[in-house]
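To begin, one chain is listed below as C-alpha cells, in the form predicted on its own.
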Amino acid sequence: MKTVEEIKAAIEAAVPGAGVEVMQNPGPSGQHSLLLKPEHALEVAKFLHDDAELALDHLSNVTGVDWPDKEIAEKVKVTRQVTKSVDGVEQTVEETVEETRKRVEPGYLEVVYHLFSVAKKHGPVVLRQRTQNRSDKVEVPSLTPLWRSAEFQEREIFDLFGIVFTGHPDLRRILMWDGFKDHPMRKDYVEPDDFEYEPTAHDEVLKRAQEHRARAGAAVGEGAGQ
C-alpha cells in the first residue's frame, strides 16, 4: 500500500485545493493520519473509495475525540525601559527579561475514521475531521453516503460528543433519550445530581446475597458460643 505521504499526493492530484494535512503519530505504531478540510471531505473520501489502486471499500470504525481548551504557558523575552542609578546618576536603560505568558488554545471536537480495502487486502488509512470549536460550530460532513457502516457510529458520536454530521440520513440519538441534555463523553460533562433511584434486576440478587451473609454470620456466631 502507498505511504500516507503518497496517498496525500494522490488526493491533491485528484482533488485540487483539498488541503489534506498529514498528522504524524510519534508512537511505536507510526500510524499516521490524514486531516481533511470539511469543505472537501466528501470529495476526498469518494476518491479514496473509488480509486482503483486504493479501493478503500470498508470502514471498520469511527471514533469521537474531545479536545478541550488548553492553557499554554510560554516564555518570551521582553525588552523594557528601566531606571538605574549609575555612579549616582539616574539613567534610563533598556533591559531584556524573560517573562512567562499564558494563552488559551481553543478546543475542538474530532472524528477519526479507519478505512481498509477488502478487495486489495490493505489498510488502515486513518482520516480525521475537526470542528471549528466545541460550542456552536460543531458540524462536519457525514461519510455515511460512502460507507454505510458509518451510520450508527456517527449517530453514537453525535449522541455522546455533540458533533453534527451534515448529510447524515438519520441523525438522532442512539444511546440517550431524545430529551437528554448535554453529551456524556465530553471531558467537561457533569453528571446530574437530581436523579431518583430506580430498582433494577440486580436488586433481588443483592438482597439475597445480603441475607445469605447475615445467615452465615449468625451461624458462625452460634458455633463460637457453643
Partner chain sequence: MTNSATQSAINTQVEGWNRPREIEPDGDNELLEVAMGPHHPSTHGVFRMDVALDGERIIRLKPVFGYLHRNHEKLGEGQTYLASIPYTDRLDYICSLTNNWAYALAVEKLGGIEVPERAEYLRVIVGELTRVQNHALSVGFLIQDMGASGTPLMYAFREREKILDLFEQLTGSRMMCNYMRFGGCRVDASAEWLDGVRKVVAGLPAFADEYEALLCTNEILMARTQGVGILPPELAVNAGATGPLLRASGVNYDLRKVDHYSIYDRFDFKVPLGDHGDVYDRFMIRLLELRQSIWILEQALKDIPGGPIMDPKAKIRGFRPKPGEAYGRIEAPKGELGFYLISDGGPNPYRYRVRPPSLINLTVLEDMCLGQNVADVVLILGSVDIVLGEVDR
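Positions refer to the first chain, counted from 1. Just so it is clear, the model here is predicted, and its values are computed rather than measured.
We do not show the form predicted in complex with its partner chain, though everything after this point is about it.
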property: Residue 149, heavy atom within 4.5 angstroms of its partner chain in the predicted complex; result: yes
property: Proximity of residue 112 to its partner chain in the predicted complex, heavy atoms at 4.5 Å; result: yes
property: Non-hydrogen atom contact residue 167 with its partner chain in the predicted complex at 4.5 angstroms; result: yes
property: Contact flag, residue 37 vs its partner chain in the predicted complex, heavy atom cut 4.5 Å; result: no
property: In the predicted complex, the one of 121, 77, 80, 102 near its partner chain [non-hydrogen atom within 4.5 angstroms]; result: 121
property: Residues 17, 133 and 171 all lining its partner chain in the predicted complex, heavy atom within 4.5 Å; result: no
property: Residues in 2-41 close to its partner chain in the predicted complex, defined by a heavy atom within 4.5 Å, in order; result: 25, 26, 27, 28, 29, 31
